[in-house]
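Alright, here's a single protein chain in two forms, structure 1 and structure 2, each given by itself as structure tokens.
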Structure 1
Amino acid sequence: MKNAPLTAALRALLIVVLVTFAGFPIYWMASTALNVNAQLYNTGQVPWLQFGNLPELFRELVELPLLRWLFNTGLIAGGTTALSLTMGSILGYALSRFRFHGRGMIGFLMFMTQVIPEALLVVPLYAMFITMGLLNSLWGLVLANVGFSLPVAAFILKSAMDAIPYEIEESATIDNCPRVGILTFIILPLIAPSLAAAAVISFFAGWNEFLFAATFLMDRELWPTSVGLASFIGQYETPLSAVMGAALVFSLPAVAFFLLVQRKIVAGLTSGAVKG
């Protein structure tokens, strides 16, 4: 191993480059948020973090309807999570525990949902929501989102349930405990980490969603953060530092939770895709 130091140096250099590429945009988001708009548009951006401008940033943020947006975003994300987890766990349980006709077909349909572009469903869902009176409603949006997150949740939960030995629920079956009871009180607590991963994926699928929200919600009062922030794109006079500050606030929970459950997400996604 005569060239070990050289390899180590190259590796360190590579990691520095990667960290710069991966981290710079987030740093720049923070740096922009902590500039005042006059600097951004006239004298040029100050590249470091001017924490002294925090009060100014806060004052600007209050002028945006950010709390309203975050509240709507939370409702959409919460609804998407509740529906995805309820249906995802019964679907995952059935796929994990039963062998029945059409099981392979269901697997194929679930895989299909991951191939269908959202943009393809916008118009038919729009037409459907007009007739169902779900246009311009957060409920309609939740219903549209769940179609994409439910199969992912089911994949993750199924692969976690596959690892739970059947003996554990056998005694409960003999005691005539209904299956739904077994699922809720015996299986789900055992796979809590995977349940958390499925919850994070569904929650932030709803949290981040833009296309459906931008199409189905006309009322500004109902806008989630994604649509609210995107509405600044292409505007002539953007309160840039406030927008970046809001984007940072919007991103922070997603980053924190994804980092927390990263490994479980990978396990669920890849096993789902392998077996799909």
Structure 2
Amino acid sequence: MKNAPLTAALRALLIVVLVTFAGFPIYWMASTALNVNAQLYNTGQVPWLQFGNLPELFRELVELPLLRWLFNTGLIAGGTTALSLTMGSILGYALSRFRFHGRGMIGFLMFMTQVIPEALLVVPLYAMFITMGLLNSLWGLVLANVGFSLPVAAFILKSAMDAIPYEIEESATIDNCPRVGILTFIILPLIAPSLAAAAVISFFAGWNEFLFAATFLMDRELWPTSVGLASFIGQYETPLSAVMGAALVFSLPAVAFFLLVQRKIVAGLTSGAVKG
């Protein structure tokens, strides 16, 4: 009891340090964005926020198709998340509740998708997209990203489903509840933290998409924000203030999404790790 105030003070100090450390990149992006290019390339960056340069930054961002790029990024991330959770729930339920030949091989192949680097698959995927008519298509990017995020989502959901007693499903079966109803109305609500964890992983896999988008998309209007930011790099000059301003706008939705679901992430990632 005597050490309680000291412990609370140390805990508060640690929280302040961690928040400062985590928030500094965002602050530095805002500070860089509010410096004009003449300052950045001549006198050097001013570390504090200069709101007097805000109209100039706003004018530079308006001239860019930033909203269109953000919409494309949101479409890729949202489609990847929705498809990964839908298919991952079904696949995780099948691996958790059914015993069939090849079950171990399916799990091994799912694991191998995380070992193979994306760059190794660019050429075969490019050939497949030409054949299937998915080249220069946002939905093609969604399918490409699902191929990498689906196995992770399925593993997380399977681990959570393994911890749910099978007797709950037997009770629902006695009441003539179909398999789809059991999965939708009984299992998934019980593993909501794991769904949140899988959603975060799938969302960021689509939100940070760059390699496939830079390879498969030719139209500038279809670019996600990551590819749009990379296009600012010029041979002789790069508008750093505009790049950092657009990067800040690009980062804020992802940060907000993470903050909304952060409470369930740890519980979802550790669900099923310990059997009680």
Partner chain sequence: MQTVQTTGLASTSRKNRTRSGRLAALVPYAFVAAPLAYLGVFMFWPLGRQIWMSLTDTRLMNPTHGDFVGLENYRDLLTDPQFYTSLNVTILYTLWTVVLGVGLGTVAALAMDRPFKGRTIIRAILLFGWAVPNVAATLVWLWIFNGPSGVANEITEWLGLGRIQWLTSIQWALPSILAVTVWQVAPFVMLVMLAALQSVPEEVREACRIDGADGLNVFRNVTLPYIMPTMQLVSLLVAVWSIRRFEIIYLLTGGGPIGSTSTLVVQIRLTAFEDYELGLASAYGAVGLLLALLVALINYLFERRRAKVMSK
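Just so you know, these numbers come straight off a predicted model, no measurement behind them. Start at 1 and count along the sequence of structure 1; that gives the residue numbers used here. Take the two forms, superpose them, and find the largest set of C-alpha atoms that agree within 1.5 Å; that set is the rigid core.
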property: Selected structure - the one that is the form predicted in complex with its partner chain; result: 1
property: After fitting the core, M218 CA displacement of 2 Å or more between the two structures; result: no
property: Per-residue Cα shift, V19, between the two structures [Å; core superposed]; result: 8.7
property: Cα displacement of A256 between the two structures, once the rigid core is superposed (Å); result: 4.3
